[in-house]
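Single chain ahead, by itself, as structure tokens, in the form predicted alone.
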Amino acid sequence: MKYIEEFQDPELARRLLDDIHATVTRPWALMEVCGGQTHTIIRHGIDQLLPDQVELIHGPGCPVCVTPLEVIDKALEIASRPDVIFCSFGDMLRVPGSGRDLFQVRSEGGDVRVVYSPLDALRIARQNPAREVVFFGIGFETTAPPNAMTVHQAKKLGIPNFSLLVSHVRVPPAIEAIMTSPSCRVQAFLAAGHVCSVMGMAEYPELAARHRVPIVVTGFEPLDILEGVRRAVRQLERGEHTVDNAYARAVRPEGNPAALAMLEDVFEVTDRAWRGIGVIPDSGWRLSARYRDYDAEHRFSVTDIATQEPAECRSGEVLQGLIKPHECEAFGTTCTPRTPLGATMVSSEGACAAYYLYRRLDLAPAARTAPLEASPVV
């Protein structure tokens, strides 16, 4: 398949690895801020092939994982109402709230439906004018434009029974929060290529210059990851700190103008809580005043729900790169894909799920005696 098989060539991977080994002279810590990149790294053992001096830290790049607990509880409250059809992508159904998840709401009679596009939810709203239809709009800059377009269409077509429960987050403020944390060890970033394909690269040069960190826009296949690491290590060894586009086949510096225009029309920047991390200023979006009537939080009066993370779940430390998943005492024992304590074990992009799927027999001695289980399919 074009643009995939070419970026999985083992001989080219060996050449890139040889270059990295020849370049590095001292320890460096790089953070990828994308769950898809994390899974590529763990699935292909890229972190084990790199020189010992190069550490890959898994950052808060999984959109499901960073959705805060109070937003999950708001979704559960709305989905439990008899007049509501609650629509979501499948990976949100097993994310635990304070006491249950959306699967349990559905088993108790709630009308919870898996859809593959927000436009599917809008179609359901048109077909069911007597019921409220809510779409769970979560994610980074990649999923925000189609959600924005759907709200725009709802307003344009006059579909009043559709609303959006919004929990969108933005990557650059998260990088700022990571770099200003007292516990930060990150010396370079692999930026998510799909985010930059939407937003462009304009927000990154100031971050790179102020914090003196290289930021390399990186793709998702094994050779993409290795090339991103190679470019980041070269900058670090030379004392440079610039923004470098290693994913030029998909990313233009200006991003996607049509998507940016839709985001500017429908959303406005706001402070946003990240699960396990806390509130990061200007790190999210909410519906602008023009589209506020389509905001499910206000429509269903769930703005005042407050929650507290379970103490035994260390997903917040995983998301901040402070620990690796297998360093959590619950990993592979009380926390598995079937009995998750946190979203990082549920999502297909979660770091804990990646380690469980590809590394648990090597890294979690307690899990070796447990029966093997497949991740649940929604």
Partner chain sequence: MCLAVPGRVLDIGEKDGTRMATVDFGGVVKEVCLEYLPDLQVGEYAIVHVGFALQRLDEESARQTLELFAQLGMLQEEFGDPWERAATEAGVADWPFADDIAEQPQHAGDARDAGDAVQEAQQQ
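Residue numbers count along the first chain shown, from 1. Quick caveat, the model's predicted, so the values are computed rather than measured.
Note that the form predicted together with the partner chain isn't included here; everything after this is about it.
- Report yes if all three of Arg100, Thr180 and Glu317 come within 4.5 Å of the partner chain in the predicted bound form by some heavy atom, otherwise no. Checked in the predicted bound form: no contact with the partner chain for any of the three.
(Q) Please determine whether Arg131 contacts the partner chain in the predicted bound form, using a 4.5 Å cut-off between heavy atoms. (A) Looking in the predicted bound form, residue contacts with the partner chain do not include Arg131, since no heavy atom lies within 4.5 Å.
When the contact criterion is heavy atoms within 4.5 Å, does Trp274 count as touching the partner chain in the predicted bound form?
So Trp274 does not count as contacting the partner chain.
Given that the partner is absent here, does Thr333 sit within 4.5 Å of the partner chain in the predicted bound form, heavy atoms only?
Looking in the predicted bound form, residue contacts with the partner chain do not include Thr333, since no heavy atom lies within 4.5 Å.
Answer for Pro172 alone: is it within 4.5 Å of the partner chain in the predicted bound form, judged on heavy atom distances? Because no heavy atom of Pro172 falls inside 4.5 Å of the partner chain in the predicted bound form, the answer is no.
Q: Would you point out which of 231 to 239, 92 to 100, 202 to 210, 172 to 180 contains residues with a non-hydrogen atom within 4.5 Å of the partner chain in the predicted bound form?
A: Answer to the contact question: 92 to 100.
request  = Could you spot which one of Leu164, Ala79, Ala246, Ile138 gets a heavy atom to within 4.5 Å of the partner chain in the predicted bound form?
outcome  = Partner contact (heavy atom, 4.5 Å) among the options: Ile138.
Within 242 to 276, the residues that have a heavy atom no more than 4.5 Å from the partner chain in the predicted bound form: Contacting residues: Tyr247, Arg249, Ala250, Arg252, Gly255, Asn256, Ala258, Ala259, Met262.
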